[in-house]
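The chain that follows stands alone, in the form predicted on its own, written as structure tokens.
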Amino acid sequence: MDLGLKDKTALVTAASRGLGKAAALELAREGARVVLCARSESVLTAAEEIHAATGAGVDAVQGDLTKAEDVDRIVHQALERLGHFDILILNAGGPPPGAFLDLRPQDWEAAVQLTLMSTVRLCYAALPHMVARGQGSVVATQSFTVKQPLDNLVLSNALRMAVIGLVKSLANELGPKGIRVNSINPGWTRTERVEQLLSDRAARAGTDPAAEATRITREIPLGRMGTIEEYGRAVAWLASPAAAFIHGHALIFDGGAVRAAL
């Protein structure tokens, strides 16, 4: 299936590894020109790897999404290299695990900057350029916990719901301006973040990460965790012209783990 991404332009945030890198790789594989951003210098290596694997035009910008000045610079430099944005993939690392009484207000403040305000700032910096062109596609990566909260992830459970509220509001505002806005909400997908969560669960339960992974997969109807390659294909489709009538949607990417009917 041709997703219609050839020569489209995309900015993908937090893309040096994991889900962000998987999204950037699949967009490039489909022919899009991509700019990656991340705090670490490894984003430069990630861009080189994706270019080598796909032959697509891939650039990288280093910056911290929790800093307003960095967000503005990332968007400015990405626009210099791409000319315009057809696609914006909003992604950031998850806040640390913990139960409510294990955390302090400063933990919440840091998590707000990482999960919510990074998205808000990126939207303020990038969306006016899409509005001026009258077209574009935005996909925010959040989590299946917006449907089914997980224990010991209170920061993520709370703040990702705020981002989904923003996404739905932006869909209402920007749909008439030609811009689609959706979210993709992965469940258990093998990334470094998931390895961290498995280690945290094991420490709390007195087991080991392999045992926790086995316990989790027993609760997933497909009997396994997702792969980052599967996630990459899903987010590329959702962002692409092939999904032109999908708007304001929270796509759950979880192998059936969420048991809610809607």
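Fair warning: this is a prediction, and the values are worked out from it, not measured in the lab. Note that residue numbering begins at 1 and tracks the sequence as displayed.
Although not depicted, the form predicted in complex with a small molecule is the subject of the following passage.
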item	value
Arg180: touches the small molecule in the predicted bound form, heavy atom cutoff 4.5 angstroms	no
4.5 angstroms heavy atom contact with the small molecule in the predicted bound form for Ala92	yes
Pro186: touches the small molecule in the predicted bound form, heavy atom cutoff 4.5 angstroms	yes
Heavy atom of Thr66 within 4.5 Å of the small molecule in the predicted bound form	yes
One residue of Ile220, Ala56, Val194, Ala213 in contact with the small molecule, assessed in the predicted bound form (non-hydrogen atom, 4.5 angstroms)	Val194
Contacting member of Arg224, His51, Arg39, Arg204, with respect to the small molecule in the predicted bound form [4.5 Å, heavy atom]	Arg39
Which of 100 to 108, 81 to 89, 135 to 143, 171 to 179 lines the interface with the small molecule in the predicted bound form (heavy atom within 4.5 Å)	135 to 143
